[in-house]
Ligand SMILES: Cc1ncc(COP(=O)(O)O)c(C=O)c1O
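This document starts with one chain, in the form predicted on its own, laid out as structure tokens.
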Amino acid sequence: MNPIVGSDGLKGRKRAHRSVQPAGRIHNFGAGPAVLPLEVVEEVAAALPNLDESGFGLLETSHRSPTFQGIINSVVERIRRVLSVPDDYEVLFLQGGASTQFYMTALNLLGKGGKADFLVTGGWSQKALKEASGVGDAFAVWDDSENGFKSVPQDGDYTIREDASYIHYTSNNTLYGTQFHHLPDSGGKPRVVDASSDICGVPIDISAHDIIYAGAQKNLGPSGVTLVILSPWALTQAKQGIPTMLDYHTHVSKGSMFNTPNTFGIYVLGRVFAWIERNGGLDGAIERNRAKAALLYGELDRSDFWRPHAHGGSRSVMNVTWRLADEDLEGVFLAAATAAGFGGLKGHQSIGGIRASMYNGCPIESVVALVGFMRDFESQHG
């Protein structure tokens, strides 16, 4: 058991909320770019002036150099091990974030008149649907927008069109704090998933998907790198005439180095995967994330002072969203939290409220401190 955590998840109601953080660092609950493991930050800092004794600084190393080729090879190998990527799948590091993948996936998978079905569970899946609609017949077979995006669908809640080429879903919804805790039924069609905000933090069966894409800046590393994993089927679908930079074959053929990649971001991503391997691999990350979520949801459910947004079966372990019963107190709460050393808790501008993002790099000590702060705040304002 963590030494600062008691049977109820807290050692006591009163605590020094800053005490577990190194001097000058806050408890960072930002939605992204998100907090990184401190030891990874320190590793990266040490590599800045001289990367792997090459004489070149981390930010100054050519992507064509043997040093960087060794790094990118190592990162791909780690990803394959940690995520159990099938041998015949391709691993790419691209740019443009998930926002580019909204369009790029459709462009590569849909020919003229092609169809794709979408599960719309939040703002990001809405954007993915819109972008795919510019390529082919993209259709929402399930959409929870009228209910305020409080849940994800269960199998049987939707029907996939017989002539759809694939189904697309967003595994975790950062804005609303909902998440799939099962592999959604695809009606036998290939699956495409935007796993930006929960990859390597929850169970995922890579082999059950044909495209997995994820912006790195939440669970995997800094902004500017997008991890894309492709099945052999996905690579057979690209049609002639796709712009060079948007054709997956371009990047597969050049090992993610058709143009200059984000060398810094790829290096840091590799250090994060190494940290995950040292700390129990994917299973260890899953266990830590579930423990953090259980602590915070336990506090939210303990009192009607707080009002969680997501329905129970759809609650995200990555992004917890809630309101105060007295919404006029939310500004007071956020100001007090900032003063106490907590950052990134303000909900997305489109929905307001409070949001705590607890990605892989967020230590459980920060969640314990937050829950303690919440109890103190409730005792003063409840």
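The first residue of the shown sequence is 1; numbering continues from there. Quick caveat: nothing in here was measured; it's all calculated off a predicted structure.
Below: the form predicted together with this ligand, not depicted.
Engineer: Could you check which residue among L83, A98, L92, L107 gets a heavy atom within 4.5 Å of this ligand in the predicted complex?
Structural biologist: Spelling it out, the residue with a heavy atom inside the cut-off is A98.
Engineer: Considering non-hydrogen atoms and a 4.5 Å limit, which listed residue (Y176, Y267, F102, Y166) is close to this ligand in the predicted complex?
Structural biologist: So the residue touching this ligand in the predicted complex, by this definition, is F102.
Engineer: May I ask you to state whether D210 is within 4.5 Å of this ligand in the predicted complex, using heavy atom distances?
Structural biologist: Residue-level check for D210: no, no contact with this ligand.
Engineer: Is there a non-hydrogen atom of W142 within 4.5 angstroms of a non-hydrogen atom of this ligand in the predicted complex?
Structural biologist: No.
Engineer: Any chance Q217 has a heavy atom within 4.5 Å of this ligand in the predicted complex?
Structural biologist: Heavy-atom contact with this ligand at 4.5 Å: present for Q217.
Engineer: Any chance S197 has a heavy atom within 4.5 Å of this ligand in the predicted complex?
Structural biologist: Although this ligand is absent here, S197 would touch it in the predicted complex, with heavy atoms inside 4.5 Å.
Engineer: Which one of these stretches, 150-158, 289-297, 67-75, 217-225, sits within 4.5 Å of this ligand in the predicted complex when only heavy atoms are counted?
Structural biologist: It is 217-225 that comes within 4.5 Å of the partner.
Engineer: Counting only non-hydrogen atoms and a 4.5 Å cut-off, give the residues of 151-177 close to this ligand in the predicted complex.
Structural biologist: Heavy-atom contacts to this ligand in the predicted complex: T170, N172, T174.
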